[in-house]
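As structure tokens, the next two blocks hold two forms of the same chain, structure 1 and structure 2.
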Structure 1
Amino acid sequence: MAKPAELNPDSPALEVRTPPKDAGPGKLAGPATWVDDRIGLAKLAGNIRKVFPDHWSFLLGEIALYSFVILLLTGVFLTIWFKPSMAEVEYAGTYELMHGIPMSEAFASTLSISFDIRGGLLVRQIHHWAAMLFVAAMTAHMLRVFFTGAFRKPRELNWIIGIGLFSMGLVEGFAGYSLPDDLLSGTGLRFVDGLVRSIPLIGTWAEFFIFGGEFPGELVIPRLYMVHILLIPGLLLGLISAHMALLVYHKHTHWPGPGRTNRNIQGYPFFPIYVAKAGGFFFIVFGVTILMGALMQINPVWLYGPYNPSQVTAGSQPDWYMGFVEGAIRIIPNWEWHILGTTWSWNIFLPGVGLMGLLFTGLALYPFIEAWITGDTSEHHLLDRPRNAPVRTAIGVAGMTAYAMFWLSGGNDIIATQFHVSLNAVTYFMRVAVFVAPVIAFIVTKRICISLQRQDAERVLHGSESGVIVRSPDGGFSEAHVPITPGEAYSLTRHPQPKALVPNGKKVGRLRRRLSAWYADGQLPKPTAAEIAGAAHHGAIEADHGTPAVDAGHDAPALEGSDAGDAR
């Protein structure tokens, strides 16, 4: 038998330790501690003071997020009664004008949600308006990110995730739009069926795969239902989480200003300021959507009737976000090949599948294309004012213009009837406008950006207009200018300007050199430190002559030819 070991009286293991009474954070914090012990809440709480900058355009993405939440809530309500079935029934519900009409169970249950379920029509309309807002807010948010250059390094991946969200949003919206199986959405489904079939070689096979045979078959509504309530919402949720995790990881971008650098972030902490602001905004978005659902009719499927492949009503259009595809197909000339008994429908494939592919590929690649053109490999956490990247802004507006032209073409019949013009005239005009209007938009936008740069330089060098008209002893009139604050002057001059790549040591290809010269061309070099000092000196001389802090004339040194790099 072993002898017990000698005890060491100094061992700390023998101390009787009781938890200190005063160390706990109080009775109320009990649950918080409990949670913290298990999931590490304290670590997460480090992010609770995360700082976000304040600007209205940073709230556009929030509209999309909140619309998504509204869509989830109202969508759950609708799934309780919706029957995703194409089995034919004879309608015997409340809506008299459909009595005895054969229709799918999907359409009959949509009518029943609209007329027989308490609040069903309101929730349907809220759901549909929220869907329109979801895609619209994503679009607006994407445009904000584009025009401020927030997609630049290190946020390219988050931009691509955003494009993924945008494209998923379109598919999700389209699938939901198709579910009621009404005449309009069925026509839209037939349209997509055409797009699928126009894909060379595999088109017919793909159609049979999707519809389980010939259009419309009996499978597509249940399948779209799965896509709409399970597959894409799941993907959206995952992508949204990744999008926001990256947002937290990168920290938000902010506008240039005094004290704002590439390494810091100015704004308010998430808790308590943004909890209040963002939480409040959620309720505003919810309230506006409910008001729209309550006051504005949307998608009155009972007027459209059940889908019947032999019927197509005048004014058949998709929801707005698919309108550009509809428009492209409406205006394209009838290009088709007939080879050895096969048909190659370029008139459907190019504007339909091709245009969507072009849009999403172009959007996804843009950050990399711009970085390649400018040779810019640095990180950017300060936003560009759109005027300070004139070519990017012009590219964006040209893209928007092209999109808008396709979009308008999608409503060419509505334009024709509402404005009393010929449908053919609208169509021919649009065929030209989709190519010409973006070019005009590009030139005009670039000129406006450069004019705004000129105005900025004017403010930096001459100050802001005071509104005070001074009469000189010899009778001339001039407006007194007040110098701007150093802070504003800093904001107006801190931005880097794109420069043409010059091959110093490294080889730069001809195309890349040309593109970068084109990208940097035409912009106004920002005022140099010497010019600002000179202008201030000029103002000071005038101050000695009795016009305090005023630069009355416009005879400052010419801006052209100065070196852009000095004031950085």
Structure 2
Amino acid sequence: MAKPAELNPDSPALEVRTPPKDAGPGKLAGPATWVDDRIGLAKLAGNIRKVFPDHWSFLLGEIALYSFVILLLTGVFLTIWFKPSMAEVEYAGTYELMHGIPMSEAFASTLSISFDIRGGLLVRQIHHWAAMLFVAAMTAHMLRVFFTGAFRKPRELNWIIGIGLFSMGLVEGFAGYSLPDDLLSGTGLRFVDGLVRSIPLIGTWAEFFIFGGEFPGELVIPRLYMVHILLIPGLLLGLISAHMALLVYHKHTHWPGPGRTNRNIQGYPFFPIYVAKAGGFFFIVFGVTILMGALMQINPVWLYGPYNPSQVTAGSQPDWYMGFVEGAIRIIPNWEWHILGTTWSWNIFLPGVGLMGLLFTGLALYPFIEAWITGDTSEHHLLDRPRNAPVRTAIGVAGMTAYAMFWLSGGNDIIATQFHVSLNAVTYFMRVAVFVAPVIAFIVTKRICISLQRQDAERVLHGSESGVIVRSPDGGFSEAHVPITPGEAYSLTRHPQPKALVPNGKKVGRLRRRLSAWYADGQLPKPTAAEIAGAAHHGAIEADHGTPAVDAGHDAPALEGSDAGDAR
């Protein structure tokens, strides 16, 4: 058997060549492939070019997100020094006015953070202002979503998640507000204790479960601490992640305009443009919050003193987002039942627990109620201008007005003392205002929306006012109108208009028909293609005869078939 030939490295038959540097995968190819095989990095990276529309109203949700990030960062700092204990100690810190006063370790550590920890007071105030901004930004964001109809199919689930975020934000704010164990927050905690006890049948049991016995107990601060730093933040992180995931899945909504439909998005790619803008906006929000914390005092607990169940802070007010519940309880009549030795405090349960339940349940169900009334089952990725949905806009303003009346009622004592009027007179007035003011707001808002629709129709048919007044040969005065752009005309006539439901072979109940007719009532019909063409012809005739008032019609854009012809 022949022996195989040995390979000689120096033999010309075996040539070893070094590949050029640009040939083959780079140094990062191996780790990138390893990661991609396990988490699908390539698919995730495909979303970096996702398009986001550019409009200032979309920044409201970003402010809420960035405020939450600021809360997490400052909360970590405060957690290091805060002691969530109700054990009684004798204060011996820097703030001399309270030397020797017995207080809980929670309040003593709050004073220590404020006066002994370098930068502690600044971080405390940044944290509190960020909490205020978080709730305010969520409120403004939800109002934007409501008034523009961004909650419609397919975003009903994301709207419900937003309601959950809002409710969790209120609970988180209250828990953090109560942790210092000062006299003001203790008064608020006693208020909540009353709400819990007012729950029929299980109220006393629930109070003992939460407080570990009768109020105030010795466990509520540690329990609120765990809720504030662990339970609610975890729920918020989960809901925010789901909210953002659905946002990416459904794609972003955008305002109507030329080339914008329910099937596309116009805007800037996520990377690099949107990332740079979002990152810069985060530092703007952070900077403004730092300025607020440095220049605007909030929650000076050393002025209130430690909590004492036998004392109540005069003129005490809750944080603004809970003021409506306080106001509702202040103005409701004294409705109580006494059955078999048990007191049913409807004067606390209905305006407290009942009002919050009605608020969040109504908000969560509204997308489905509106879809049921209008019979609209189509997808919506184009936003509505609030004027083009007058009933929805009027409902929203009426709700805001009711909230404002309850919120003002929460300060009825402050109003009475500052304006030197009777406290009872303020209370009686607010009892009527919470029902009358929303109705007035609904009527006025609906009329304003219809008037704005009429203004848009006039603008499409006759153009915009030029501000130039011309005198005709016969002595009359008129103002020349200039034509609007085709893009503006498209935007002003792109919105759908709901119609009253009719049986049409389907079972439509009487209540639904009436609600549908009520919802569609007052809608001003959009200019049709024939009306726009007639306005153009009229404007051309006037221009030929030298009439100074130049109608926009001779340059009026011919709207695309379905968007002009289906104006009704």
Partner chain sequence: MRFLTRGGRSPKPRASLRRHRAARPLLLGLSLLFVGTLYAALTPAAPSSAEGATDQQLVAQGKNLFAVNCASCHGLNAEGLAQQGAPSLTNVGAAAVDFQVRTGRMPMANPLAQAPRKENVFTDDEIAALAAYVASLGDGPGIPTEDQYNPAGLSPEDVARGGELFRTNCSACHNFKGAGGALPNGLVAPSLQESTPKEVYEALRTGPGQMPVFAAGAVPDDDVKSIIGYLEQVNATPSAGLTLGGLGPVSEGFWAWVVGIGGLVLFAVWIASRGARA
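Residue positions are counted from 1 along structure 1's sequence. Only the largest set of C-alpha atoms that superpose within 1.5 Å between the two forms is called the rigid core. Just so it is clear, the structure is predicted and the values come from calculations on it, not from any experiment.
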Handout entry: Of structures 1 and 2, the form predicted on its own
Key = 2
Exercise for the section: Look at Val35 and decide if its Cα position differs by 2 Å or more between the two structures after superposing on the rigid core. Expected result: yes
